[in-house]
Structure formats: C-alpha cells, structure tokens
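Starting off, we have a lone chain in the form predicted alone, written out as structure tokens.
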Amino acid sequence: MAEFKLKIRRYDPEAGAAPYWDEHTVDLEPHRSVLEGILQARNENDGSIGVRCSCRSAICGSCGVRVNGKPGLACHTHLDDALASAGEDGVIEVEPMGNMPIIKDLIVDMDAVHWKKIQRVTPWLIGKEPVPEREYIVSRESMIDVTQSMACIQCGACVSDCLSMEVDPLFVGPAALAKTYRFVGDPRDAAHEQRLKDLGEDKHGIYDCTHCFKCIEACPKGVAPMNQIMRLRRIAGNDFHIKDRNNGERHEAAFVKNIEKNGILHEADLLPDSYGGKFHPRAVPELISSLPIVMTALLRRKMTPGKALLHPHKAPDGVKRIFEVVEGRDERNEFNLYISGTDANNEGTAEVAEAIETAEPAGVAPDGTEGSSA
C-alpha cells in the first residue's frame, strides 16, 4: 500500500458556486487505477463527489477524465503512472474532460456535444440495392481496414483534447469523423460519395481539422481519428473528385504543389494557389482582403517584397524524388497499423525512406544557403 494525493476539480452548476479544487489522500497499491482512488475518496471522505463509471475495464468508455491535464480513462490510468506525470508537489490532478459542458464535478454532458455530433454523420450502414439473397461477401482486407475505426469505445477523450473544437465548437469532431470512415471504408455501404460530399461541403466538416495530432495522443484504443480524417479527405479528393465550396480540397492540393516546387512552404503562393492562381477570378477577392495583413507584415519586417514575390528556395532533388516515388505508384498506399503492424513492415515505405535520406534538410538550399518563407 502507498499514499497518493488526489486533487479533484469540483463544480456543481446548480449550486451557483465557482469551481474549486478538492484534495484527498488515498491509500492504495501503486498498480491500482486513478478511478479506484476517486471511488475510495468518495466512499471514505466525501460521498458527494460526482464521477461516471461502469465496467472498470477500459471497455465502456464511461470514466473519461483529464489526469494531470491529459485526457484518458480513469480506470486505465495507474496511480504510479499518474504520479510520474504529476508536478513537483506529487499531487495527481483529476478534472473533467474539455469541450463539453459539466454536469457535476467529473461528469460532463456527452449528449450535448459528443453524441450529438455522432448522430450528425449518419452512424449506420446504408445497404446497397438490390439486397443479396444471402450475406454480403466482404474481403478480409476490407474488414481489417475498418477495424481500427471500429475499435472506438466513444469515451470522448479525442473530443476533449481537440484544438479545432476549442476554436470552432461546431466542428463535427474527431470521434464522429472516425465513425464516418468506419462506413466510408466499408464496401457494403452505398452512400460513400454522399457522406463525403456532405462533410466536405460543411465548413465544420472534414476540412476543419487542423492536423494537430492531439486526438491521436488522447485515444486509449489506438483509433487515430486524425488519420481517419485524412483518409476521408484523400478519398473525397482523389477518388470522388469532390470540389467543396469551402476550398478545402484545393487548399490541400496547393500545399502539395508548394512543397513539391519549393521544398519548404512559401506562404505567399499558398493563398492564391488555393484559389486557382494569382490571376484566377476566385483568388482576386481573397488577395485583396489579405492586403491589410500583408502591409502589417511588411511594416513589422516579418517579410520583404523580394522574398514574398521571388522565393529563393527551390526543392532539392531528394524532395522531388519523394514525390516521384509516391505519385508513381499504380495505387495509393494507405498506411494502417492494424494491417501492417509497424512502419517498417508496411510495404512501399522502404523506397520513400530512401528518398527521404537523400533529401536536403528543410530550409537549406542545395548551395548551403538558408531558404525562407514569407
């Protein structure tokens, strides 16, 4: 047995009082979970502590909380691990998940945010017609592919840590979009294009993700929601050629073109290229609206006219080789840990790795001079 100090974030909206921290000392074996520590504090010290839990086996997803600022399952976080990530005072901080309203203490309203967004994406299979006389025959590879998104236990940890949702609460969110791939990746579903067009046209849909990796770090089941979102984007743009009104597909293509040409990002070209080029009718109003930002950057010497208009850096041969290898494949190589196990086992990565080794360091021109971006 060992003593652990838990500092629990308390808040009862109905009471009208401000949130506060409540400290408890629990006596448990180090391998016991944070959830067991919370329950001991509730049973022995204060029965009013609000916490949601059920299976205690990391299956139901009910006990999602933030431990020392990081989202996860309280039943799946050992006290000794939590202590190792605590501050210098050795106190384990437990607080409710973010991006969702608090009902009481550690209990958040998942119906108001998480489940509402899941409902938004039509979370069921839309069968193809005509219905076969017997079962649908699906390849083993197809089912293994969607197994990763099927592993989601709807705990809301990814939603809690999503930076896009902090800025835009209307963003559909990582959990709902990972659920979308579960059906877009299923060959039995008849609405692949409709699902992708719907979420592509929605300005809070697949192109609202900022690629921050927070949901990948938060997920206790390895679902990697951001990866599923990126796959939805690739399928929408490359397979169904969906040109969304939010310009998300063109913006991604502009990034690729920019790096292929320059080796590092040249931001002055990114905006016009996202709208078809400097002289495209779609680009002109966007360029005019950006003039105040450009003028501020020039006045503060964040950029110069020369570097903005004439980017000095060009992509070295190694970077060009990466694009040649990837774009020269007959089929797009989708990397899925559930199928390939590790990066080293994934077919097709060896030649890309070889190309990366021959590439010049980012930001350094072939002649050794520093590259720059506006």
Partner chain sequence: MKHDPIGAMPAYDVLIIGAGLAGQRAAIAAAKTGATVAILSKVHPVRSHSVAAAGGINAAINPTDDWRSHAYDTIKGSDFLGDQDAIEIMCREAPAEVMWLEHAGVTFHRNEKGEMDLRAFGGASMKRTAYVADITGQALLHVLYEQLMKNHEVIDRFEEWFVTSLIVSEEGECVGAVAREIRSGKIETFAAKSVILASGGAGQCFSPTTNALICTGDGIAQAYQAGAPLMDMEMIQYHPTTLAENGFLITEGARGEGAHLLNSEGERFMEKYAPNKMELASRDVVSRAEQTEILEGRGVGPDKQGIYLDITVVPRKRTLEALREIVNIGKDFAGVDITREPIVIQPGMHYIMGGVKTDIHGATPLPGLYAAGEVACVSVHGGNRLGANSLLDTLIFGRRSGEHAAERALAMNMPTVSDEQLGKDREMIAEILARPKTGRRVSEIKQELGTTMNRYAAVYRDEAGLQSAHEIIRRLKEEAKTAYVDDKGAVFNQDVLGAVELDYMLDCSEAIVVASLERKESRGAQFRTDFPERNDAEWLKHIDVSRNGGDEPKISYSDVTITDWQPEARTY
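Numbering follows the first chain given and starts at 1. Just so it is clear, the structure is predicted and the values come from calculations on it, not from any experiment.
This next part talks about the form predicted in complex with its partner chain, which is not shown.
A.B. asks: So which stretch, 203-211, 158-166, 122-130, 269-277, is the one near its partner chain in the predicted complex (non-hydrogen atoms, 4.5 Å)?
C.D. replies: Among the listed stretches, the partner-contacting one is 122-130.
A.B. asks: Among Val319, Val67, Val26, Ile49, which has at least one heavy atom within 4.5 Å of its partner chain in the predicted complex?
C.D. replies: By the 4.5 Å heavy-atom cutoff, the listed residue in contact is Ile49.
A.B. asks: Quick check on this chain: which one of Val113, Cys152, Leu232, Ala224 has a heavy atom within 4.5 Å of its partner chain in the predicted complex?
C.D. replies: The option sitting close enough to the partner is Cys152.
A.B. asks: With the cut-off set at 4.5 Å between non-hydrogen atoms, does Glu324 touch its partner chain in the predicted complex?
C.D. replies: No, no contact at 4.5 Å.
A.B. asks: Taking any heavy atom pair closer than or equal to 4.5 Å as contact, tell me whether Tyr181 reaches its partner chain in the predicted complex.
C.D. replies: Tyr181: no, not in contact with its partner chain in the predicted complex.
A.B. asks: Evaluate Asp186 for contact with its partner chain in the predicted complex, applying a 4.5 angstroms cut-off between non-hydrogen atoms, and reply yes or no.
C.D. replies: Asp186: contacts its partner chain in the predicted complex.
A.B. asks: Within 4.5 Å, heavy atoms only: does Ala308 come near its partner chain in the predicted complex?
C.D. replies: Output for Ala308 is no: heavy atoms all beyond 4.5 Å of its partner chain.
A.B. asks: Using a 4.5 Å cut-off on heavy atoms, which residues of 116-144 contact its partner chain in the predicted complex?
C.D. replies: Sequence-ordered list: Ile118, Gln119, Pro123, Trp124, Leu125, Val131, Pro132, Glu133, Arg134, Glu135, Tyr136, Ile137, Val138, Ser139, Arg140, Met143, Ile144.
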